[in-house]
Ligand code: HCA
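Only one chain is given next, in C-alpha cells, and it is the form predicted alone.
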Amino acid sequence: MSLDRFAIIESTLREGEQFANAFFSSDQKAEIARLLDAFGVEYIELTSPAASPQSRADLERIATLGLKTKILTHVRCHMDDAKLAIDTGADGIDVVFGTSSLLREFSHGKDIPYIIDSAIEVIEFIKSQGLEVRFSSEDSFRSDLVDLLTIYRAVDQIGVNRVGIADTVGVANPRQVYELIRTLRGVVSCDIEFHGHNDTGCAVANAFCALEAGATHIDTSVLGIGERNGITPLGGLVARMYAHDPQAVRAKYNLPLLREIDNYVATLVDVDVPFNNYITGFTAFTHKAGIHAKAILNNPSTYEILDPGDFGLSRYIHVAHRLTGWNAIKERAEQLQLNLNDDDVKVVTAHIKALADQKRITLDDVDFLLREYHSKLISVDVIEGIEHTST
C-alpha cells in the first residue's frame, strides 16, 4: 500500500469520544458506524471495553451489526485489557504503550525492556486468538529513535499485523513524519499506521507524507474531533487523496455520503460544520471574484481541484458584491430567463457595483436590478413598437 493503496481507520468512536463535547448514546454510535460503513472506510475503531461497562456493551453491539468494515478496539498493552477485548467480537485489537521519556517518567514508569516484553506477551496472545493486532508507540515523535526501532523490530519479528506511529501531541511537521516513516519502512515488513494530532495544523499534510513514505493506514475522525484539537479529519484526508487521484477515491468511497456524516456528527457534538471545512463547508465551492467566476463558467477546473458533483454538491457563483463581473451577472440573467445582451448586462453590472460600494447587498438586490432593467427595455420596445405602428 502507498498513495495508491491505503486504508482508513476511522476513529470517531474512539478518538472522537475524547472530544470535549462528545457523548454518543449506544444508538448514535450504531448510526455513526452504519454511516461510516456505507461510506466505505476499511476499519472502525472503538473505545476500549475496559473504559466502562457501556463502552464494552457498545463495542459488542457494533461488532454484531454485520458491517463490511472491520471493527477494532484500542487498548493498553496489558493482558487484562487484551483478554477483555478478545471476548467482544472485534476483528482486531490496537495495542498502545507510551514510549517517550516524558511518558515513561511521568505516566507509567516502565523502561524499554519492560515495554518490549509486555508487547510480545500481549501480541502473541491476541494472535493466538486469531485476531488482527497492531502495536503502537505513544508520543512517537518525542521518543528516542533507537528505542522506537528496537521495539518495532521486536514486534515485527513475531508477526504483528501493523505498527503505529502516533504524533500524540501534534508536534511533528511533514518532513519529520516522512523521515521517521521512511526509516521505519526500512526496518519492518508489516503494515504501518499513522495517527496524527492537529495541534499545530499539520494533521492532513502529515498523513499524506506518511503515505508517501510508506505508511499503509491512516487514522481519521469525522470533522477531526478528538482530544484537544483532534486528529486528521476524514474529509480532509479524502480531499487530499482525491486531489492526488480522483478516480481511485471515487471508486473507493461513497463520496456523496460525506456531507450527511459531517452534519450528523456535528449535530451530536453541538458544533457547526466550519464554513471552510474540507468539501462540506458552505463556502467550499463558492466563487466570488469576477475573474474567478468568468473562468469557472468557462471551465470549472480553472479554480476547482475538487469536483463538487462527485460529492453530491453544487458550486455557487456569488454575484452580489462589488467584486462581481459581468460574465457572472450574465449567467444570473440567463438563470432568470431575462433576455439581455452583453452591453445591457454590463450596464446592470455597473449599477450592482455602485450599490455594493454603499452597502452589503443580497442576491435579491441583484435580481431586482436585473428585472428592473429588463422591464425598462421591454417598455421602451413596446413604446417604440406603438410609435412605429401609428406612423
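Throughout, we count residues from 1 along the sequence that is shown. Bear in mind that the values here come from a model prediction, so they are computed numbers and not experimental data.
In what follows, reference is made to the form predicted in complex with this ligand, a form of this protein that is not presented.
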query: Which of 192 to 200, 302 to 310, 263 to 271, 249 to 257 sits within 4.5 Å of this ligand in the predicted complex, heavy atom basis; finding: 192 to 200
query: Contact label in the predicted complex: residue 138 to this ligand, heavy atom within 4.5 Å; finding: yes
query: Any non-hydrogen atom of residue 241 within 4.5 angstroms of this ligand in the predicted complex; finding: no
query: Distance check, residue 96 to this ligand in the predicted complex, heavy atom within 4.5 Å; finding: yes
query: Heavy atom of residue 119 within 4.5 Å of this ligand in the predicted complex; finding: no
query: Contact check for 14, 134 and 166 against this ligand in the predicted complex, heavy atom at 4.5 Å; finding: yes
query: Residues within 4.5 Å of this ligand in the predicted complex, restricted to 257 to 276 and counted by heavy atom; finding: none
